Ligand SMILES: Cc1ncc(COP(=O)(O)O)c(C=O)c1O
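Below sits a lone chain in structure tokens, taken as the form predicted on its own.
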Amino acid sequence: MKRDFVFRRNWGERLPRISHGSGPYLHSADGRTYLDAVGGIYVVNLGYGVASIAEAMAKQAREIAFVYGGNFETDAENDLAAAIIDLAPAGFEKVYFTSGGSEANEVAFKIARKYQMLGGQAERWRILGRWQSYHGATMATLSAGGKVSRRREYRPYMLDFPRVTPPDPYRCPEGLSLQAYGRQCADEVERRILQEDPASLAAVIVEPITGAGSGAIAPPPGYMERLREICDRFDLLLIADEVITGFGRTGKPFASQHFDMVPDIIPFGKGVSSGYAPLGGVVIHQRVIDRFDKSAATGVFTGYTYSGHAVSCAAGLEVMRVLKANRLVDKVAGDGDDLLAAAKDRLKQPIVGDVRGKGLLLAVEFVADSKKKQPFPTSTRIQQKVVAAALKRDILVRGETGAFDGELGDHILLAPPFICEKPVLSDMLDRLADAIDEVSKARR
């Protein structure tokens, strides 16, 4: 075996080497074929080996691969921005590109800060987030996030960003309607704003439908709309983190479009390029741009060398074309409804507490006591065992912890490529059910 010179996330671990991919499958150098049921990590929406994306990138690289965005623009950047605006909710007018989702949320924070400064409120800089959320791996995004395990080692660097309890319909208090529960959770946001002093806050950030931190949780009816009202009343920008959910993952171009509200900034990443090139960014509403245009300011410092990288934008533009030409967002909506119904029926093992999701973003939450909805102790490592059992069956799923309180709560996520046909999705559920059944039986 060759000596390994890569400093890996788990530095003592050697990983399977992938030689190539095709559709929803990854093929390793040692001859195994994996069904990738999580799209890498909620990224590979169009599957592996799409020749037209590779060709678009190669064509762009031959013409011009890179120019510095502070000096020049390219057709690839402009055309992709136009395509994204065409998909975005009404009122969004501008796009700024980054290399990924963490940078996108950082830019959203900078824009929110600048927006408040231009409104004569320079003391407003803090971001209100939610527990069990995840917005990125940079220090500011970790500060806004509420995934305890990922924050712990970096607390000395954390900014003073407050958080609130997120809604979780699975744990709606007994006797309370979902509408009343949603109102209750939104009211907590308002109370926290008042407790923290609105004059110190610039924005609120939420995932319209949650990703890794708590696993495909859609808020109760009325929650997002109430959040919009609260932000308007206190002149706070509402940032809808759609790094995972953007570009069709939930059966709409953006998950925000499932609700009767419009955010101010939508950070995106992952699926925008389907993993073919590093790419992310933010979509900015006209109401934010208006304040910028009316001011004497000329820009916002971001400092990202690869913003608007021509090859990455060319990849994203071809992804947008393929999405539209094949009506894949509509396909996700239909397949997602069928997959969720089948998963609820198929995954009824004793350790399964909740099966939830929207479109082709599904989560399975595991509990020690289904009646009390009590999570497993972290020492049981339930999600890790399910992931390992799935891997034995050559299926890749994503395991996470913290759905209950940021620390406790095991769940796995599924985010298969949009191009998966029904037999593949059925095979995915069969393999997953066998894996969960193995872990469940081992606990008896």
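Numbering starts at 1 and runs along the sequence shown. Given the structure is predicted, the values throughout are model-derived calculations rather than measurements.
What comes next is about the form predicted together with the named molecule, which is not displayed.
Option touching the named molecule, based on a heavy atom within 4.5 Å in the model of the complex, out of I244, A363, I266, V204 = Checking each option against the named molecule in the model of the complex, the one that comes within 4.5 Å is I244.
Of H309, R249, R130, K270, the one that lies within 4.5 Å of the named molecule in the model of the complex (heavy atoms) | Looking at H309, R249, R130, K270 one by one, just K270 meets the 4.5 Å heavy-atom criterion.
Even though the named molecule is not shown here, does P166 get within 4.5 Å of it in the model of the complex, heavy atoms only?
-> Answer no; every heavy atom of P166 is more than 4.5 Å from the named molecule in the model of the complex.
Verify the contact flag for T74: yes if a non-hydrogen atom of it lies within 4.5 Å of a non-hydrogen atom of the named molecule in the model of the complex, no if not.
-> No, T74 is distant from the partner.
With a 4.5 Å heavy atom cut-off, would you call G100 a contact of the named molecule in the model of the complex?
-> Close contact exists here: in the model of the complex, G100 approaches the named molecule to within 4.5 Å, heavy atoms only.
Is there a non-hydrogen atom of N105 within 4.5 angstroms of a non-hydrogen atom of the named molecule in the model of the complex?
-> Judged by the heavy-atom cut-off of 4.5 Å, N105 is in contact with the named molecule in the model of the complex.
Per-stretch contact check against the named molecule in the model of the complex, the hit in 364-372, 320-328, 173-181, 236-244 (non-hydrogen atom, 4.5 angstroms) | Contact criterion met by 236-244 only.
Sequence-ordered residues of 129-147 touching the named molecule in the model of the complex, heavy atom within 4.5 Å = Read in sequence order, the residues that approach the named molecule (within 4.5 Å, in the model of the complex) are Y134, H135, G136.
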